[in-house]
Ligand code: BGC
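For reference, the chain that follows is the form predicted on its own, supplied as structure tokens.
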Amino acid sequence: MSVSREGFGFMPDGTEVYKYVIENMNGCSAHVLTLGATLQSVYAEDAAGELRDVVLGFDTVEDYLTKSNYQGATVGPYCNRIGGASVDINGKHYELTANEKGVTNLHAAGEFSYRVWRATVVDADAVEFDYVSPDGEGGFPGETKAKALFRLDAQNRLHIVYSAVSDRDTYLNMTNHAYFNLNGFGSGDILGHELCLNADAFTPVDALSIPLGGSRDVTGTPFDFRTPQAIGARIDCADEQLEMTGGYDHNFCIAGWDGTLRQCASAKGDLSGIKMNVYTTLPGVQFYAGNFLHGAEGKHGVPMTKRTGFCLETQYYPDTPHRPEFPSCLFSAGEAYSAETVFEFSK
């Protein structure tokens, strides 16, 4: 096991960005940037014993700042969408940055994702990144101290442990926005990947991708991934939910959620044989099929076009502040937020 550091470039204000590489004895490695605590690459072994980079990303700081659709970024203090770009806490109204279509707060307007985090090597297999969000940033109340620890173990499991605490009551909901292509970056679309989701229900959305409230049974719908299905098999079905979002971009409700670490998903690359199991302590996972990737040139100049990567963003449900029926992610001042997600790679 080893951790190494190298320079990755500079922010416009001159702050240096570093890349930390965590590598295990199998040759599997995770590359994480201090910019956005971003997962830039993961190298996993395919069925033939060759290492493939299975994460979409960029080669330069400038590209992450100007072209990114949150590729690999840590997202917070609230991931996904908040309808109306506002929240009410203890009878007080807070206006948030409306960075999507002028009406929705998406991924907290990118605050965590485009800041430089401090990194500390905490073990031979782990690096912890921390960032302090000022009170009122993006409209969210409270100074929030956040951490994201990345650990790669000998079993090719990438653990991401999130923690945060604020000095005011606030909503906290962190995730990692990695786009995966288990056939390898630059290998084409992900429609032939097999996907399985441990979810009996999903949260349907309106035209702005805000949950309508409650959940919907997946039985008999294109959203039933309880047994492995090719991502592309039903993605273009004549289904109102798929048509509104251009394909899959929905929160799935993890079956039997109780706050413990449990498997929520598995996927397999049809060309590489690389398998990925996903575990989380959180109640939901956003399956996004890369419907709006727009062809930006990524690593090695390879364009990231529509559906060349998919996301499994573990999370509290979208728009939770306005949905009392959803699991709450309102944390009191001084109350610790903590969550873990594990990506396990095999062949």
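We number the residues from 1 along the sequence you see. Given the structure is predicted, the values throughout are model-derived calculations rather than measurements.
Here the subject shifts to the form predicted in complex with this ligand, a form of this protein not shown in this document.
> Please pick, from Y131, F252, Y179, F150, the one residue with any non-hydrogen atom lying within 4.5 angstroms of this ligand in the model of the complex.
Result of the distance check: Y179.
> Of the residues F310, Y316, Y70, F58, which one places a heavy atom within 4.5 Å of this ligand in the model of the complex?
It is Y70 that has a heavy atom within 4.5 Å of the partner.
> Quick one: find which of 268-276, 220-228, 102-110, 150-158 has residues within 4.5 Å of this ligand in the model of the complex by heavy atom distance.
Contact-bearing stretch, as computed: 102-110.
> With the partner left out here, check for me: in the model of the complex, does some heavy atom of Q286 sit within 4.5 Å of this ligand?
Answer yes; at least one heavy atom of Q286 falls within 4.5 Å of this ligand in the model of the complex.
> Is the gap between R81 and this ligand in the model of the complex 4.5 Å or less for some heavy atom pair?
So R81 counts as contacting this ligand.
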